[in-house]
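First comes one chain, alone, set out as structure tokens in the form predicted alone.
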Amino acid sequence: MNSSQTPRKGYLFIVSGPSGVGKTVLCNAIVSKFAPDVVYSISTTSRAPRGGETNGQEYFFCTAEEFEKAIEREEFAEWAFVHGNYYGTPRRFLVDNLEAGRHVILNIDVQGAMKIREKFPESIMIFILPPTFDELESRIRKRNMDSEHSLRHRLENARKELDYRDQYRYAVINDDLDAAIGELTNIFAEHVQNRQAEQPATK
């Protein structure tokens, strides 16, 4: 391929925010709007698939032993052991897509985001905020998925995560879903269009 035809690397967008703030819905909306230029990062996990989950779609599924061998081979940009299972971000997935000129959106907690930023310092960091903490608690309670003890633990973690918002380039308040999607769309459009404008002319 002629060097003038080599695509510019894509951007890595890191999206974080406390549990219950609506990150997954927002990220899915962005991928739908910008596909195939924007792809969703797929994590690897050692837990078993749930419901209709498919390998390579929601997650890359593997055994704990396979995951540990991948850690030894340094195949993850970041990883963590959570609730008895491993979760990690495959480095190769990120690199392959970014080098192909595709933009990657990574929905990840703040600890993982800080690790990713160390390895990909040009990442575009976006933090999703609730309109108020009381509203966040209300949303989590409406899920009706946690015991009171688990809910309190989740809210405690949320308060800690909110302390990281100044580490992010953008902050989007998810009060009205359509407005939040619109704000995120503008952020992505600016960067995607700028990168397209930088593409060298094809000879």
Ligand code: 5GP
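Nothing here was measured: the structure is a model prediction, and the numbers come from that model. When you see a residue number, it is the position in the sequence shown, counting from 1.
FYI, the form predicted in complex with guanosine-5'-monophosphate isn't displayed, but the following is about it.
Relative to guanosine-5'-monophosphate in the predicted bound form, residues 10, 32 and 97 are all farther than 4.5 Å at every heavy atom. Within 4.5 Å of any heavy atom of guanosine-5'-monophosphate in the predicted bound form lies no heavy atom of residue 46. Although the partner is absent from this view, residue 73 stays clear of guanosine-5'-monophosphate in the predicted bound form, with no non-hydrogen atom inside 4.5 angstroms. In the predicted bound form, guanosine-5'-monophosphate lies within 4.5 Å of some heavy atom of residue 154. Although the partner is absent here, residue 120 is not a contact residue: none of its heavy atoms lies within 4.5 angstroms of guanosine-5'-monophosphate in the predicted bound form. Shown here without guanosine-5'-monophosphate, the chain has 82, 83, 87, 88, 89 in 82 to 104 lying with a heavy atom within 4.5 Å of that partner in the predicted bound form.
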